[in-house]
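As structure tokens, one chain now follows by itself in the form predicted alone.
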Amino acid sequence: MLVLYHNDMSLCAQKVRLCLAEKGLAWESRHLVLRAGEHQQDWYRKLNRRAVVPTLIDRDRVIPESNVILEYLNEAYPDPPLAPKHPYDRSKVRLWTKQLDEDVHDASAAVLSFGIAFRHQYIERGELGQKMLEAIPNAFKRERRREVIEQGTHSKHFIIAVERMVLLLDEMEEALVEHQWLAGDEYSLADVAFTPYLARLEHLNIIGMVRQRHRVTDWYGRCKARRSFHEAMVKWENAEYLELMRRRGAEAWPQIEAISRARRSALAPSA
């Protein structure tokens, strides 16, 4: 039996649950409450030294890091396949997931989430929130998050996060001109990996960022229509988190819209 240490609203956990659902694999849930710091306990750090979710256990094998878990599941449980057969086509999938590890997740989506909504949870917890912040092992991630918690949507990191998301959405729109799914004409791990990031824009009430990107809108609609979306995403939605994200997102939207507009204007070719 597969065991997954995860969190209901974690982006990285969501994509692994999507993969498990697409594969039709049974798994045992070990849900961690991140705002209680359960992922920072010593027992969990022995499984995952970065103190993040998810972590997959397959018999005596411990596999951390969501994108690594996706590739592991696809290779260890190959039916149905979620990667193309040809190595070149598989490289296209990896080029997409590589973006997540480079900056889309930590420097964009996570910053948007914290700058808009989750910073308030840290602030309200006072010393406990500060303790949780200091326990983040990655110094770059910790200091970036510290500034975003303190300054919110006025942080320079928040502005960069919005600009990076604009670039990502533009790249997705461009890719979907050529084929039905992100990396080709078949649904793949690339689509699995990026679905939660569009869902996060929707949950944060800033899905307006996708406006005028009609192919991305259509792609996201098709992802949501898959059975896996309900199993991996909808069934795990945290109503308290959703209310916080939607309310704070509505407050932040005018600023995000202005940053997005400025970014797109800067990239537009001059007359």
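None of the values given here were measured: they were computed from a predicted structure. A residue's number is simply how far along the shown sequence it sits, counting from 1.
Omitted from view is the form predicted in complex with a small molecule, to which the following refers.
*Asks:* Name the residue from 216, 52, 209, 204 that puts a heavy atom within 4.5 Å of the small molecule in the predicted complex.
*Replies:* It is 52.
*Asks:* Identify, from the list 178, 75, 101, 150, the residue with a heavy atom within 4.5 Å of the small molecule in the predicted complex.
*Replies:* It is 101 that has a heavy atom within 4.5 Å of the partner.
*Asks:* For the small molecule, considered in the predicted complex: do all three of 173, 198 and 222 come within 4.5 Å of it, counting heavy atoms only?
*Replies:* Heavy-atom distance to the small molecule in the predicted complex: none of the three under 4.5 Å.
*Asks:* The chain here is shown without the small molecule. Which stretch in 181 to 189, 138 to 146, 161 to 169, 79 to 87 comes within 4.5 angstroms of it in the predicted complex, by heavy atom distance?
*Replies:* Answer to the contact question: 138 to 146.
*Asks:* Taking heavy atoms only, is residue 12 within 4.5 angstroms of the small molecule in the predicted complex?
*Replies:* Yes, residue 12 is a contact residue.
*Asks:* State yes or no: in the predicted complex, is some non-hydrogen atom of residue 242 no more than 4.5 angstroms from a non-hydrogen atom of the small molecule?
*Replies:* It does not: once the small molecule is placed as it appears in the predicted complex, residue 242 has no heavy atom within 4.5 Å of it.
*Asks:* Can residue 34 be called a contact residue for the small molecule in the predicted complex at 4.5 Å between heavy atoms?
*Replies:* Yes.
*Asks:* Whether residue 120 contacts the small molecule in the predicted complex should be assessed with a 4.5 Å heavy atom distance threshold; does it?
*Replies:* Although the small molecule is absent here, residue 120 would stay clear of it in the predicted complex, with no heavy atoms inside 4.5 Å.
*Asks:* How does the C-alpha distance between residue 109 and residue 33 change in the predicted complex compared with the present structure, closer or farther, given a change of 3 angstroms or more?
*Replies:* Closer is correct, given that in the predicted complex the C-alpha spacing of residue 109 to residue 33 is reduced by at least 3 Å.
*Asks:* Indicate closer or farther: the Cα atoms of residue 174 and residue 109, in the predicted complex, relative to the displayed form, with a change of 3 Å or more.
*Replies:* So the answer is farther.
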